[in-house]
Structures are given as C-alpha cells and as structure tokens.
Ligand SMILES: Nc1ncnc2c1ncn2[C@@H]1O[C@H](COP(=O)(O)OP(=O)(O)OP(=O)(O)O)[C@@H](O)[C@H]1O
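Quick heads-up: it's one chain on its own, the form predicted alone, in structure tokens.
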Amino acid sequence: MPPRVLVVDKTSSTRDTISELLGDHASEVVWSTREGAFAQLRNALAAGLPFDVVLLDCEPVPTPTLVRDLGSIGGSARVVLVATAGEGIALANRCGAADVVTRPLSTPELVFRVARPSPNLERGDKRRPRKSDVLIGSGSWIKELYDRIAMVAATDVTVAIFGESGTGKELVARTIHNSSPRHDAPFVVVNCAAIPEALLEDELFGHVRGAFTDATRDREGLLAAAHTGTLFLDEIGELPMALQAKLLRVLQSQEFRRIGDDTDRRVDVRIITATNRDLDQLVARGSFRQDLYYRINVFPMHLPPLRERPEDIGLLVHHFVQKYRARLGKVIDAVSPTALARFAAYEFPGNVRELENKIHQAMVIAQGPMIEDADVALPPVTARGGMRVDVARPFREVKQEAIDQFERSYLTELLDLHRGNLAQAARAAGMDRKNLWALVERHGLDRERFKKP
C-alpha cells in the first residue's frame, strides 16, 4: 500500500507540490507546521492510520531531538529531510534522519526515497543515508536512472554500468547496493585496472598456505570478503582472460577456488560491473569473453558524460562548494556569475570528477566569500563551442581579452603547481624570471595564495 506522508514545512503550498509529484505513489499527503506536527502524528496513530514518512524541511536546521521525536511519536515513521544537494547528507547524518531528498524536487527521487517500499525491511527502518547514496542531476536522464535503480535494487540481478571515466559509475553501484536487501552487508570495490595482473587473482580469490613461496598462511580474497554483500568490479574490461573464466564460474555457480586449494567454496554475492570501454569491440577483437559479456550484461545502465547534461553543472558546483568549505576552513558560499559561466562553458573531458577537482582547486585559491573568475583554472577554449567570440566588438579588443584569459589561466595553474615558487615556475615555463614576475604582477595574482604547507 502506498505510504501516508506528513509534510512538515512553513508553507502549505509545499504539500501541494509534493502531492502532485508523488501522485498515486502516496495514499495521502498531509501538511503541518513543526509546532503542530506532534499533534498530527499522535492523532493519526490513535486513529490507527499512522504516517509512514515524515518529510521535514531543513529550514530552520532540525536538531537530533526533533528528528528522533518525530519518528517515535509517529509510531516509527521514517523521517526524511528536504534539503539542498550540498548540505542534505551531512545534515541527515548529524541529526539521525532516515534519508534525504534534494531540491529541486523531482518525482523520480521522491518516489525512490519516500514512496518506494524497502524490500525485506520492516516499516521504521532507520538506516542512515551515506554520502555516496545521493545522485545529483536534473532532466530526463536522472529520472530514467532512478527508475532503473528502483527496478533492479530489490533483485540480485547482475548489473553492468557503462560510462566515461568520472561520470559516477561507482556512485550508482553504491546506490544500488545501499537500496537493496544487502545494504547492511559489505560493499567491496575491486579496480581491475589498478591491480597488477600477477596479483589480481590472489586479491580476488585468495590463497591457501603453501600455494607459493610467500604464502605462509591462508588468505581470504575480496570475493570472500563480499560474502552476503556486493562485489563491484570496476574497469571490468581490463580483467585478464584467465580470470575472466574464473569470474564466469562464480556467476554461473556461485563457487570459486582459492589459489592452491583443492576444494571449491560457495559464496553468496551480488556482482556489479563497470567499464568505460566498448565491450562489444573487445569481444570482437577476442580480448573479452563473449559468454562472460552475456553474463554481466543482464541489466545494462548507461551514464551520460557531463558535456551532454550541462544543466547539471550549477547543481554540482553548489554541491562541491558545500562539501569542501568545511574541510578547507573557508567561508565560501557562492560562485560569481562569470566564474559559473566559465564552468558552464567548459566541456570537462574528465566529467564530474574533473569538475570536483576544479572546484576544490578554486576554493583553495579563493580569498573571499565567493569563487571569482580569476580563481577558476580552466582554458578559454572548449570543444563544445570553441572560443567564445563577440564579432560585434573590435578585433584587437577581443584578441587581447582572449590572450589575457589564457595568460591568467596558465599562470594560475603554473603557480599552483609550483606552490608559488617563482624560480621553479619560470624554469618550467621556459621564461625569464623577471618577465614572469611582471606577468604575474600585471594580472594581479598574489603568490602567497598558492603557497601550501
């Protein structure tokens, strides 16, 4: 049966928005202020119609006591926070909320976090959200992604996630795991490209004492460590052919054998794979087993690169600013319009991972409460539209502006790399130190900003 939802917010119009977004996925949506919420919860419980979910607005910031009381007085209702993308998870963890939905609100996320029943979990499950369990985006792609996660999370079907590096494949895999009946069991990550081929078999399957010269004791592999949970095989396209056959056996029979052992062992594990390579081409070239490809590609999911969803850049920028400002000890709460335009115009070949890196870098450099254009180390030319040229202005003026932008970006990257050391920077750039100093002065860059302990 769809859940009954109590919306706790300052304005009643929020109830109308949430009711419209949830539609038939909620049996009833009721509104209350914080002051009246406890009476609403008690009355509903006394009438035998308790609320299943309390949607609590994060303005003002809720206390752990408030969240606990809303849940207990409501008969173990799940308290779900409504917050901005950047602050929600950290706040939910601090105050003990069951989950969080992010603004701007969308039907797929509301249904996924509020209305979709958790498989094999009794009502009132209080597991806290994890930082990895939030996917940030807007538009049709995020709706389709949430829909597919909702379809597959409750099952043990093998999932194959495809996408370029930095698009968030591990994030999706963790979300599937955290939303599944296995959420309390281990989530084990194996990067098939990062472990040398000679060690990968031992890492995955383990060994018995005496299997080789240095095997002085039995060792459990990562497959055994993931028992009852999820094994995430990142960069599956890099898995050597010999190990592909062994992985196929695990998928077919849930059995494996440690190196040097003479008996098989059973394992209860769900496998999720990810790759940035075209497995069809690898199969055609004979470097990836076709039978394994069929086994892992039962439920494929494709993540779009950031250049195909530039409308998400603003949300992601805000999220990363919130994520890093406490760590850096800086009071940065905004990005200037020109700086945001720089981020929006760049194509980010490294996708979300590169955007996060650039935001982190800009926050290190920024001196005020806002990230300015000069703090953003991005090239002036992008693959999406080339250099932005205003042909209504004089040629020399536009040319000089492009040169200035390039020089500022180059100098910022250079000084950051060499921690503000002008002599090292000049040598690396192949410039005379005095000329480099004059250029730094002309662009108003403070070398002290780049010096790191």
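A residue's number is simply how far along the shown sequence it sits, counting from 1. Predicted model, so just to flag it, every value in this text is computed and none were measured.
There is another form of this protein, the form predicted in complex with the named molecule, and it is not shown here; the text below is about that form.
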Answer among 168 to 176, 370 to 378, 244 to 252, 338 to 346 for heavy atoms within 4.5 Å of the named molecule in the model of the complex: the stretch 168 to 176
Triplet F205, E238 and V267 all within 4.5 Å of the named molecule in the model of the complex via a heavy atom:
no
In the model of the complex, the residue from I332, L316, V80, L233 with a non-hydrogen atom within 4.5 Å of the named molecule is L316
Heavy atom within 4.5 Å of the named molecule in the model of the complex, from candidates F288, F187, F320, F112, belongs to F320
Would you classify R353 as touching the named molecule in the model of the complex, given a 4.5 Å non-hydrogen atom cut-off? yes
- Query: For A160, is any heavy atom within 4.5 Å of the named molecule in the model of the complex, or not?
  - Reply: no
Would A215 count as touching the named molecule in the model of the complex under a 4.5 Å heavy atom rule?
no
> Just to confirm, A366 within 4.5 Å of the named molecule in the model of the complex by heavy atoms?
Replying inline: no
